[in-house]
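Next comes just one chain, in structure tokens: the form predicted on its own.
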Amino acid sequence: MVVMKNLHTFYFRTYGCQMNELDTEIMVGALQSRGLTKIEDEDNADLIIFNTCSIRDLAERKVMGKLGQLGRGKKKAIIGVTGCMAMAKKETLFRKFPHLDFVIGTNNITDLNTVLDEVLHGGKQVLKIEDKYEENLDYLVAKREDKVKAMVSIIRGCDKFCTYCVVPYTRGGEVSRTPTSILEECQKLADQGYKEVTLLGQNVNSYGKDHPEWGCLFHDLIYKLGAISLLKRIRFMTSHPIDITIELMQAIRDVPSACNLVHFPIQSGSNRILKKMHRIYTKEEYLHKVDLLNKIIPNVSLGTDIIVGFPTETEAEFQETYDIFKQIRYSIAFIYAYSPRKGTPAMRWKDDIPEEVKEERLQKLLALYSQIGDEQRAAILGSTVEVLVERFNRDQKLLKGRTTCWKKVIFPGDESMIGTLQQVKLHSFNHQTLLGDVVTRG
């Protein structure tokens, strides 16, 4: 243990999903309210925090490797672990890494400053983890580096218990945030100049079901947010297909600021594998909702998550997934090879698909995704699209932004355009990035 009475600087490393990124923003705000300064130099930080992910084996191994490295040198900083890995491993992290000072679960990030006080004044390792989440976060303290778009949590946890997923165990059951607090935060963000919000949840479609007395389900929330005139774009992720409703589809159609990209993960095209995953829908039910989405929402774009190489997946079942992808032509896809996660029901099954077979299936699907993406980008060349301008590109010469369906666009422009909506005529693309020129000032 290292006891330091005065902390001046801190370093954060965030792994995983957008919810983790938002949790980091909340913790950064709390630390800055304490008077600490965020720096990007890990070696000179007084406090180092890893906000972790347990969804993928690779993310977990990266954190473990980093913690091991920090234990080999002279201890100069207080070191903490937060996030899903903290929930999954708890006090075992202290046994493996005795130089670790604190472990905070996903439901306790508001306790960060209290935990720091305990570490500083008590000189002992501190574990702060509660399995049940209570909606008590001060979202308004979040320190956002992006000044154009913001992430807003609306529901935490998940009740679906997919057999491959640790989220119900690391983030608990579904707990919705009150509509009043969401509307208050989004109005303040709009007043501060933010043009876009992304509504976050492990399953946003379940919003409000745990509080029927509110009379506000997810589609109702979309309509309420649509009334904030300064807010130009509303996105959301992630959706579970079983809970998406016609009312939600109609809200996306009817609310001008609701983006026409719907993240709609299928995970597999095989009914047997879907049942083994406990996804609680069939391929046919999924395709029926895809058909409704296409009929109800003009120019809708669909996104997906897919796992290849799930235990017992045959070549024919992988081909079903491939064929579904080819049929729907997803514009956004997150494709992974299966990796077993401790604490999930799938751990009971033998991970029987050889790694080389998983990799072959992964690459085959990624190649299809790339081909479809190129075809989609080529098809819109010559057209004019609305782009929310976010920042300069890495070369600081071109501006970068996104269309409503999340396509990245770069184009010449000046700093005054950042945070505005611009009409951009597309003339070419490079890999996944569209290139164009502004045709009118927004």
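Residue positions are given as counts along the sequence shown, with the first one as 1. The structure displayed is predicted, hence computed values, not measured ones.
The same protein has a further form, the form predicted together with a small molecule, not shown here; the description that follows concerns it.
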property: 4.5 angstroms heavy atom contact with the small molecule in the predicted bound form for residue 339; result: yes
property: The small molecule contact in the predicted bound form: residue 305, any heavy atom under 4.5 Å; result: yes
property: Close approach of residue 164 to the small molecule in the predicted bound form, 4.5 Å, heavy atom; result: yes
property: Proximity of residue 55 to the small molecule in the predicted bound form, heavy atoms at 4.5 Å; result: yes
property: Candidate from 205, 301, 108, 267 lying within 4.5 Å of the small molecule in the predicted bound form - any heavy atom; result: 267
property: Region of this chain that lies against the small molecule in the predicted bound form, out of 145-153, 305-313, 220-228, 111-119 [heavy atom, 4.5 Å]; result: 305-313
